[in-house]
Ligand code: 1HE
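What follows is one chain in structure tokens, specifically the form predicted alone.
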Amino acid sequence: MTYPDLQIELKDDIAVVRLMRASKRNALSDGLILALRDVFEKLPSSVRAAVIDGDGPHFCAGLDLSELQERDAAQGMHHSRMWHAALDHIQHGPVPVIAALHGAVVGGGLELASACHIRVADSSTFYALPEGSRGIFVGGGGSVRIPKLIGVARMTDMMLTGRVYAADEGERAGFAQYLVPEGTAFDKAMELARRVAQNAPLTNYALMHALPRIAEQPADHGFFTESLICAIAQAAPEAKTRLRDFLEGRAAKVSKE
């Protein structure tokens, strides 16, 4: 798979997907969004986890406004739905995805990051949603995914006032689960991806596909869905082997290290 603005590299069972528009702060063109959709739709079966990174000093500064066209309401809706479909292939694709954030994580870049399952930010990272000041609204799934990370009130404030979150306050607010020194986000993301890739694939799949749905179900529905997923996961041959290894002393115990 080759794309002009996207680099794909396989490192053992980890797919590294890197935005390659550094001269435009990795702004998202339609071509780049469609390339992301294509990549995550066609990942090789050998891949167990993926890392999304951005070339240069910024992860992604959002929508490429030079491509912004005058659209009627129907065209605008279909364009937004195209983004939804592409980012859904990341969030609900075959493997867990970890974002290595640095520099600008702005607008559509934050929408892309919010579609990933784990976000690692370095100290150069900053977050913003400037759509409000530009007379537009988020269209890449941000109004659904971002409030689940930081809450509706924080997102509303960002869009009304143009507030920018620095890396440290962004980590406290929930944009990222990890905060690391500048220049080390990719290394940390790869470390986590290797750890995630060691999990039973069915457990990873349940965490990606079942857990978000369970969290939004009424409690009695959620408990029932949980029992089904629990039964399916523990019935897998790999789960039985792992549990037997633990019980017979061949697997490491949990420690604080």
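Residue indices: 1-based, along the sequence shown. Nothing here was measured: the structure is a model prediction, and the numbers come from that model.
A second form of this protein, the form predicted in complex with the named molecule, is not displayed here; the remarks below concern that form.
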* Could you confirm whether F126 comes within 4.5 Å of the named molecule in the predicted bound form, counting heavy atoms only? => yes
* Asked: Do I136 and the named molecule come within 4.5 Å of each other in the predicted bound form, heavy atoms counted?
  -> yes
* Flag E111 as yes or no: does it have a non-hydrogen atom within 4.5 angstroms of any non-hydrogen atom of the named molecule in the predicted bound form? => yes
* Non-hydrogen atom contact V106 with the named molecule in the predicted bound form at 4.5 angstroms -> yes
* Contact check for K24, L63 and P130 against the named molecule in the predicted bound form, heavy atom at 4.5 Å -> yes
* Pick from 178-186, 113-121, 163-171, 137-145: which stretch has a heavy atom within 4.5 Å of the named molecule in the predicted bound form? -> 137-145
